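Take a look at this one chain, the form predicted alone, written out in structure tokens.
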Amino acid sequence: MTKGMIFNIQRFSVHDGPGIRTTIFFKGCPLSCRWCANPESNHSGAELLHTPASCIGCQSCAAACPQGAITFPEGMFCYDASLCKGCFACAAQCPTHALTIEGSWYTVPELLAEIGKDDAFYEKSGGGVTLSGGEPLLQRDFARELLKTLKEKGYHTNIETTGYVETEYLESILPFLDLIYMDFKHPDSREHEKKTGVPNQRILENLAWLLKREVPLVVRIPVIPHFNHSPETARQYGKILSEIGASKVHLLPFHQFGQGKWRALGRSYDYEKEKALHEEDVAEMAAILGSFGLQVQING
């Protein structure tokens, strides 16, 4: 039976599509955005997450690790991910849950059992289920099976995608989608690749292709300091999006919700000292996009 690697099931979500929704977060992503609010989604496998504030330095984790991946030089927790074999015996022995495992395998029936607990909320609010990540479409067979089953059971379906997948695969799942949220990180391909690890050509091609189909699509732009937060970039966005037939755009101002996760995963975070952006900070970009005939919403 097909299984998917999931790192979060978020209930009562109101920002991932119409109504009250359940958002399923998939692990794994072909992009490596340096501002990612869900850095635990970047890698496709389960990962160890350490929360220093909960650690009492008992060193039970180090004693439980058969690979010697955890040490305490000068009494400070140190984790070498290259030595870890994924047994996670360390997390099982942590008395304060300072060590947690990000990512669990689910079958489609197991996810449906979780989703079904909130059926009453979907029915009353016009909500449904959103697949997010990471990139949910990276787990191709599982995502297709889940979307197909959700549609067969009458759920409204949405995906939050980078668009960095083959067009043929997108075509195969379109019958199971009621809505698509697709990110467009930067209009300049070279700048896009600098901060995400991939050029934007495939994303733009898929975006243009999808806009000619019947499934409603919303373009989402994460507004990031020193990357795409400028009037000039907004004009570039507006020109491209108006030419390919986009109509709805959500601007997502940069925030620091993921900062603690970068630390807990032991990774450096490029935006550690950046201040969060607010609605007023992106108002000019919204106005510029609107001048191109686009319907713009801030915070989606």
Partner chain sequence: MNYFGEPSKRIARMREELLSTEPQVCVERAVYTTEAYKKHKDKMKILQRAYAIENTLKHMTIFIEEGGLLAGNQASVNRAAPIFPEYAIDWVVEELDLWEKRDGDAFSISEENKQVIRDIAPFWEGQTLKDKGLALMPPLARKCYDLGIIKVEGNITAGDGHLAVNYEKLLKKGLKGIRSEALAAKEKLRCSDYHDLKKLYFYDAILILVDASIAFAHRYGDLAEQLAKECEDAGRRAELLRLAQVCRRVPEHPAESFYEAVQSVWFLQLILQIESNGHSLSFGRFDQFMYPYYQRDVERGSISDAEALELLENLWLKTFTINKIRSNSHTKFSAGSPLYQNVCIGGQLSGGRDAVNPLSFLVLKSIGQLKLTQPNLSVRYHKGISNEFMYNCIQMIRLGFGMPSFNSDEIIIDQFIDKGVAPEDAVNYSSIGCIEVSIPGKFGLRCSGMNFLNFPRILMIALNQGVDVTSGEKLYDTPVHFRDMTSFDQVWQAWVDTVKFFTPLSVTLDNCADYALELEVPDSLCSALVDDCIGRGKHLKEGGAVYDFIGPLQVGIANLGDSLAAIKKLVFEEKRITPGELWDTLMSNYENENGWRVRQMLLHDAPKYGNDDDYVDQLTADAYQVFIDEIAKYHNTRYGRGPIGGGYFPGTSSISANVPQGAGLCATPDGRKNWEPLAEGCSPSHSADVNGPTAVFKSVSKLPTLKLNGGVLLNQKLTPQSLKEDRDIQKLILMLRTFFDVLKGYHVQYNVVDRETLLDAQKHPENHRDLIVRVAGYSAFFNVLSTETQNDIIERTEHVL
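Positions refer to the first chain, counted from 1. Since the model is a prediction, treat every value here as computed from it, not as a measurement.
This protein has a second form, the form predicted together with the partner chain, left out of what is shown; the following refers to that one.
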Notebook entry, point to check: Would E160 count as a contact of the partner chain in the model of the complex, using a 4.5 angstroms cut-off between non-hydrogen atoms?
Noted result: yes
Next item on the list: Decide whether R263 counts as a contact residue for the partner chain in the model of the complex under a heavy atom distance cut-off of 4.5 Å.
Entry: yes
Checklist line | Proximity of F121 to the partner chain in the model of the complex, heavy atoms at 4.5 Å | finding: yes
Notebook entry, point to check: Does the partner chain get within 4.5 angstroms of any non-hydrogen atom of H97 in the model of the complex?
Noted result: yes
Item checked: Partner-contacting position among T233, T51, S242, S44 - heavy atom within 4.5 Å of the partner chain in the model of the complex -> T51
Checklist line | One residue of T107, S125, S189, T71 in contact with the partner chain, assessed in the model of the complex (non-hydrogen atom, 4.5 angstroms) | finding: S125
Note to self: Which is the contacting stretch out of 111-119, 146-154, 166-174, 201-209, given heavy atoms within 4.5 Å of the partner chain in the model of the complex?
What the structure shows: 111-119
Checklist line | Contact test, all of Q67, A81 and S268, partner the partner chain in the model of the complex, heavy atom 4.5 Å | finding: no
Next item on the list: Determine the residues of 9-23 with a heavy atom within 4.5 Å of the partner chain in the model of the complex and present them in sequence order; the list may be empty.
Entry: Q10, R11, F12, V14, H15, D16, G17, P18, G19, I20
